[in-house]
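Coming up is one lone chain in structure tokens, specifically the form predicted on its own.
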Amino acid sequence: MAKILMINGSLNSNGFNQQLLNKIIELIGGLAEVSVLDWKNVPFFVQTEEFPAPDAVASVRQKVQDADVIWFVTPEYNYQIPGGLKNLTDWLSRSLDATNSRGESAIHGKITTVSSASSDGGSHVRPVLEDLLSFIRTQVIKENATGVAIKPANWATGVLEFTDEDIYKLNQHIKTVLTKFA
């Protein structure tokens, strides 16, 4: 059974992307072992403080290494990746070997995929994050990757609503990811 590690690009515990992440977990059901990465204590990346890695960094790196799939669910800030998430990927992409700056990282070779809840379903942030994930040597699943558009009424209620089409697309995305382990 695949081990999927979900990473919310926002630290908002009830934000739209947390709601999307929860829906994905619900739809996966018992088809995979799913956990959510707690990365709120990861410090700002400072190259001179890489070795030894801070405890919070060592912890998230280990969880990433233990997973088969890393599923990013992220908001879109000015068409870009949230700063905190970029910082996390910087830590995850760094070599684990202090003597080889191009050595394997915690995320090296991992299967990754991206979903987003934003005004336009993350049509800008998903390709940006997918390009970054490819650059840091992950196996990015782009086929059937999904975004959920936040409707105008959702901004007032704070509740992300899913259409039948959203659910269909999310299920297709899940199926594509899990096919890698069939």
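Start at 1 and count along the sequence shown; that's the residue number. All values derive from a computational prediction rather than experimental measurement.
This next part talks about the form predicted in complex with a small molecule, which is not shown.
Although the partner is absent from this view, residue 146 stays clear of the small molecule in the model of the complex, with no non-hydrogen atom inside 4.5 angstroms. Although the partner is absent from this view, residue 150 contacts the small molecule in the model of the complex, with a non-hydrogen atom inside 4.5 angstroms.
Contact check for residue 115: no non-hydrogen atom falls within 4.5 Å of the small molecule in the model of the complex. Residue contact with the small molecule in the model of the complex: residue 10 places a heavy atom within 4.5 Å of it. Here the chain stands by itself, but in the model of the complex one stretch of 115 to 123, 24 to 32, 42 to 50, 58 to 66, 115 to 123, has heavy atoms within 4.5 Å of the small molecule.
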